[in-house]
Each structure stands twice: as structure tokens, then as C-alpha cells.
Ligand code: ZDP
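Let's start with one chain on its own, the form predicted alone, as C-alpha cells.
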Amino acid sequence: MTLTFTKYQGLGNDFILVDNRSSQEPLITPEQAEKLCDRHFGIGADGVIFALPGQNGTDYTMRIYNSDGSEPEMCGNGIRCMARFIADLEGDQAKASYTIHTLAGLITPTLTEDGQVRVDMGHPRLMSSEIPTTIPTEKVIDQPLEVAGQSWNVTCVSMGNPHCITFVEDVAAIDLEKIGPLFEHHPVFPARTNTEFLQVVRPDYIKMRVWERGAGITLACGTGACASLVAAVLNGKADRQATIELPGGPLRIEWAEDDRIFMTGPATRVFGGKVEV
């Protein structure tokens, strides 16, 4: 089978986008997606995103396979890339805003005049059962967690997918390749977890590094940036609007008074092509 694809990136978090409007199910399997994501023997990407027909009155449905073949609920950088992909597909018929059904719920990205994509990410979820985590407290805010023989104070937030956030003095000093998998597969996270390490420079400026569940070290994580701002506010370390500086570049995150999270950042087409799967 020949698959037509377009590759997009958001702050270096890169994805293979597939026009999947002809089917309600992804055109390829998780195993095929894993091969396509391989950076030596495939196209190379952090994940494969499928633009499927909408559900329950939405414009589109988003499905995504990570580079390890697992399926996350949603992806913040990925949904910005999908919005740009949809607009490019629709050409002159493109809209400024789209409603997209995801496994994490309804997400609404808006393409702005300056070329950015602003996304209404919905409400953060804080209950331990919603993360999910078995840490024995109703909400996990500044709670100790032992990882690799060290006690880390963590805050857990769900943006439809799980995040474990911890604050450090210097994000550059974290051995992410070593510690990231230990957080991801810690037994208190039955669905595994994304992990964000934060260095608060100012209340409106935070440096972040991320280990993504199913993808490992990435240059950016949109849902992680949203969860990180929530965690920083809950711990009294940040304003409700801040720039989150990731290795791939900055995201502007706002936690509005109505409890909704807004993420603004770029999404760029890299190239397109066809591949045999």
C-alpha cells in the first residue's frame, strides 16, 4: 500500500500527518506507524497523526500513534500541526477555527493572523483518579515520590493525558534519558505518565524539559506545557499566564479564570511525499 503523507513540526516536535477522511479508522497499524517513525529506517517522527471524519458534530477526529506504536489520548503540539494540515488540505475553503474530537475530549484550535495556532485545551483535571495515579491522596500537589533512590516532590495534572511535574534548580542538569523512563513506568502510574522537569526563572517565564510517554525525549510537549503551568500556579510559583521555554522554542500558556487552558505556538509544514507500508 502506498501512503501519502505530509510532515509537520511544532517547536521540533515532529509528526507524520495522514489524510484519513475516507475512513473512520487509521489507514495503517500501530506497528506500521512505529516503522515510519524510525529516524534511520523510516521517515522519522515523534508520532503519526490521522485526520479522520468528525464525530458528534465536530469538524474532524484526531487519532495519533506514538513512535513506539502506543496511542495517547491527545498531543498539544500535534493538534496544532493537525490544524495547519487541515487548513492546507482545505485550501480556499479553510476555516479560521476547527472543532476536533480526540480521545481526551473536544479540542478547538484557531489559526491566527500571525501564523500561530491558539488552542483551547479545555480544563485541567486534578483528581488522582483522573490522572490516573495510585499515590494515596485526593489530589497530588507537592507530594513526595521516590524515583531512583531519590525523593522528588511532584504535582500531577491530566490534560486528558497524564503528567507528573517536578521542580528543579537546573533543567539542563537532569539526566533525562536515565530518569525519564523510571518516572514513565513507575508503578504509581498505571497508564504510565509524561514527566516534566521545570525551572522557574520568573513567575511569567519557565524552562521545561520533558520525557514523553511512548516517545521519550522530545523537543516540545504542548499538553506538558499546559500541565506545567497549572502545577506551577498550584505551587505558588507562577502567574496564570507564562511563557514555557522548551528545547524546541517557546509556548505561551494561559490558565484562564474560567479554568480553561489556552496554548499558543507555531506549526510548520516540513515536506510531503509517498511511502510504501
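Note that residue numbering follows the sequence shown and begins at 1. Note that the coordinates shown come from a computational prediction; the quantities given were computed from them, not determined experimentally.
Another form, the form predicted together with the named molecule, is not on view; read the next lines as being about it.
Not displayed here, the named molecule is kept clear of A238 by more than 4.5 Å at the level of heavy atoms in the predicted bound form. Proximity of N194 to the named molecule in the predicted bound form falls within the 4.5 Å heavy atom cutoff. Residue contact check for I135: none of its heavy atoms lie within 4.5 Å of the named molecule in the predicted bound form. Under a 4.5 angstroms non-hydrogen atom cutoff, the named molecule in the predicted bound form has N66 among its neighbouring residues. Only one segment in the set 50-58, 23-31, 229-237, 207-215 has residues whose heavy atoms sit within 4.5 Å of the named molecule in the predicted bound form; it is 207-215. Checking I174, M74, L145, L111 for any heavy atom within 4.5 Å of the named molecule in the predicted bound form turns up a single hit: M74. Interface residues of 1-30, taken as those with a heavy atom within 4.5 Å of the named molecule in the predicted bound form (partner not displayed): N13, F15, in sequence order.
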